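Have a look below at one chain only, the form predicted alone, in structure tokens format.
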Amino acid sequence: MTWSAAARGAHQPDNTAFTQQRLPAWQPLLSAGIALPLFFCAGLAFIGLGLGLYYSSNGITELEYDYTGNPGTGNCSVCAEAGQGRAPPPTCSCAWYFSLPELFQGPVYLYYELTNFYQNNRRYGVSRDDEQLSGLPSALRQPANECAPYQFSAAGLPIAPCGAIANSLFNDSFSLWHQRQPDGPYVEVQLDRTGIAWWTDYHVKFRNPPLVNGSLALAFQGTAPPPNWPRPVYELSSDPNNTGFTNQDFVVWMRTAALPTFRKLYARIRQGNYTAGLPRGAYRVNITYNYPVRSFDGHKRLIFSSISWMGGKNPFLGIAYLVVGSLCILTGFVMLVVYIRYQDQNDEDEDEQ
């Protein structure tokens, strides 16, 4: 049988503009008149945005204190020495005193910062059970294998929450006190610990298991806390709406950082006489020193920071936009010089012909 163009085979596509690739198409030819303005406009746009981000970041006020406790760096060194080589370290308290000569413009956010802590380690990052954290009773009794060696306790009980991330939960605590008048008493500044986690994490990813007879403790019965935890997960807070897997501090910690130096939000200061910021005066931060970092050559810092429309202090983003914008404009000028040079040469060749 001979093949005929008129005969339509079983696998021959329909004779339409789409199937036969006859649709009209636009194939741009990037001439110098089109490419050069694009480079210059993109460069100017990036530089403008970069300047805005950079100056906005520089306008953010920060006050930080390293309370790692290295020898000779403050009273937290006593706590660091007391906990050296002891697991878990003993409970210890220290304080940070500072003064503000003028208003620390609000809104004020309190962060803790850790250095040399690699939450982006592959083995560490997968050491969790998302089904367990979403409140599934079956996952509560049978944690995922990725949680090993923090999957079951020495007594054979399932660990809740399981995994290395939960086991390394940051557990230092802070309270802020303000001395309004010289030689006057210190008054505690209320720290707002609510709403510090991402909305999707708190409302979607993390759920407590169903209550048993109205009790969260009974829901976790038959499980064990992580080895480094002094108490079970259902006792993380006295607030029934902020305990268990939905505890705000726990949810914030479980969102792992991409870099070895990172900050995590601890509280916001926006109540009472401090809605506009921290007034001038003397302050004291009481620190409950629990979290050991000297074993991995890390550091711990407390940071008071204001914010802007772009968020917290981050000069890198503005610098990155400025660099990209400058490269676009530089590339545009190089292309312009090359175009003018070879354009004149082409004109001379045409005149000779």
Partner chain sequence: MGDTPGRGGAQRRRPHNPGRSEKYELRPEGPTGMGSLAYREDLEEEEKNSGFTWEVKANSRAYNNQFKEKGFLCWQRRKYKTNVIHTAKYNVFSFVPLNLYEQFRQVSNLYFLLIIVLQSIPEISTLPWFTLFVPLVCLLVIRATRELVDDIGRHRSDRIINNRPCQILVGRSFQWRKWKHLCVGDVVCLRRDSIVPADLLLLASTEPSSLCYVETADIDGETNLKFRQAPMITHRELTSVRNMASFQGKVVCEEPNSRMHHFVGCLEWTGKKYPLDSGNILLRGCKIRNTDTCYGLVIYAGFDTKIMKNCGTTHLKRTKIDHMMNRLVVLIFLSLIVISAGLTLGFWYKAKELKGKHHYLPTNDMPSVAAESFLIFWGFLILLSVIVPMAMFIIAEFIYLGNSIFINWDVQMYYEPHDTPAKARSTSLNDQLGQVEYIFSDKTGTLTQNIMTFKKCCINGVIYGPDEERKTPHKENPYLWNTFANGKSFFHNAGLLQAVRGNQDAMVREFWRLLAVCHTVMVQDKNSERPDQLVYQAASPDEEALVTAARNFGYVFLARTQDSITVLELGEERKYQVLAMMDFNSVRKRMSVLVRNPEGSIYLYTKGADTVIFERLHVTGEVEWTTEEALASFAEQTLRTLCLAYKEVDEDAYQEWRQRHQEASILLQNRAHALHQVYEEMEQNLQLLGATAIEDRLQDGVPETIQCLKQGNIKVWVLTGDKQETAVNIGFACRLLSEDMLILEEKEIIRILEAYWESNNNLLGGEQCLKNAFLPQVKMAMVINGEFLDQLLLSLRKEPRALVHSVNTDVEEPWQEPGEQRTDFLQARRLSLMWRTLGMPLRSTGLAPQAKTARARESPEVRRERAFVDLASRCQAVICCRATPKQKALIVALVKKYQHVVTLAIGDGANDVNMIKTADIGVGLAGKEGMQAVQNSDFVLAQFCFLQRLLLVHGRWSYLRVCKFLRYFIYKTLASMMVQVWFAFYSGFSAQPLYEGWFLALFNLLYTTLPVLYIGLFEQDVSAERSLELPELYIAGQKDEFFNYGVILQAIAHGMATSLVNFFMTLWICQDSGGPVISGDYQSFAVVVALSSLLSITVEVILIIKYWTVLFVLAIVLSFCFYVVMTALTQNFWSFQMSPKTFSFLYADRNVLSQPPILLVILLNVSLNTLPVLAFRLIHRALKKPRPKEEVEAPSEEIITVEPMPYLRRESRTRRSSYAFSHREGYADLITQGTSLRKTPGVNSDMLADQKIPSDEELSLSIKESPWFSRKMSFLGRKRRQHRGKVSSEDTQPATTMSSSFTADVQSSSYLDNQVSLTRNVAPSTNWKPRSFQENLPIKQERSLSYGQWPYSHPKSLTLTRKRPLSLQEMPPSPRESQLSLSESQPTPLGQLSLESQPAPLEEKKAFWSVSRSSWKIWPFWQKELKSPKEGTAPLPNETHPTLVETTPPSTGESSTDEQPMEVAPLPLEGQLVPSESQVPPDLGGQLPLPHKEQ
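Superpose the two forms; the largest set of C-alphas matching within 1.5 Å is the rigid core. What you see is a predicted model; the values in this text were computed from it and never measured. Numbering follows the first chain given and starts at 1.
Here the subject shifts to the form predicted in complex with its partner chain, a form of this protein not shown in this document.
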Report summary line: The one residue among Leu259, Ala95, Leu103, Val187 placing a heavy atom within 4.5 Å of its partner chain in the predicted bound form is Leu259
**Report entry** Candidate from Tyr111, Phe174, Trp177, Phe152 lying within 4.5 Å of its partner chain in the predicted bound form - any heavy atom
**Finding:** Tyr111
Query raised in the report: Is there a heavy atom of Phe117 no more than 4.5 Å from a heavy atom of its partner chain in the predicted bound form?
Result: yes
Query raised in the report: Does Asn58 reach its partner chain in the predicted bound form if we count a contact as any heavy atom within 4.5 Å?
Result: no
Query raised in the report: According to a 4.5 angstroms non-hydrogen atom cut-off, is Pro28 in contact with its partner chain in the predicted bound form?
Result: yes
Query - Heavy atom of Arg122 within 4.5 Å of its partner chain in the predicted bound form - result: yes
Report task. Sort through 153-161, 261-269, 74-82, 213-221 and report the only stretch with a non-hydrogen atom within 4.5 Å of its partner chain in the predicted bound form. Result -> 261-269
**Report entry** its partner chain in the predicted bound form - contacting residues of 299-335, heavy atom within 4.5 Å
**Finding:** Ile307, Trp309, Met310, Gly311, Gly312, Lys313, Asn314, Pro315, Phe316, Leu317, Ala320, Tyr321, Val324, Cys328, Thr331, Val334, Met335
Query raised in the report: By the 2 angstroms cut-off, has the C-alpha of Phe316 moved between this form and the one not shown once the rigid core is superposed?
Result: yes
Report task. Taking the rigid core as the superposition reference, indicate whether the CA of Tyr65 shifts 2 angstroms or more between this form and the one not shown. Result -> no
**Report entry** C-alpha of Leu53 moved at least 2 Å between this form and the one not shown on rigid core
**Finding:** yes
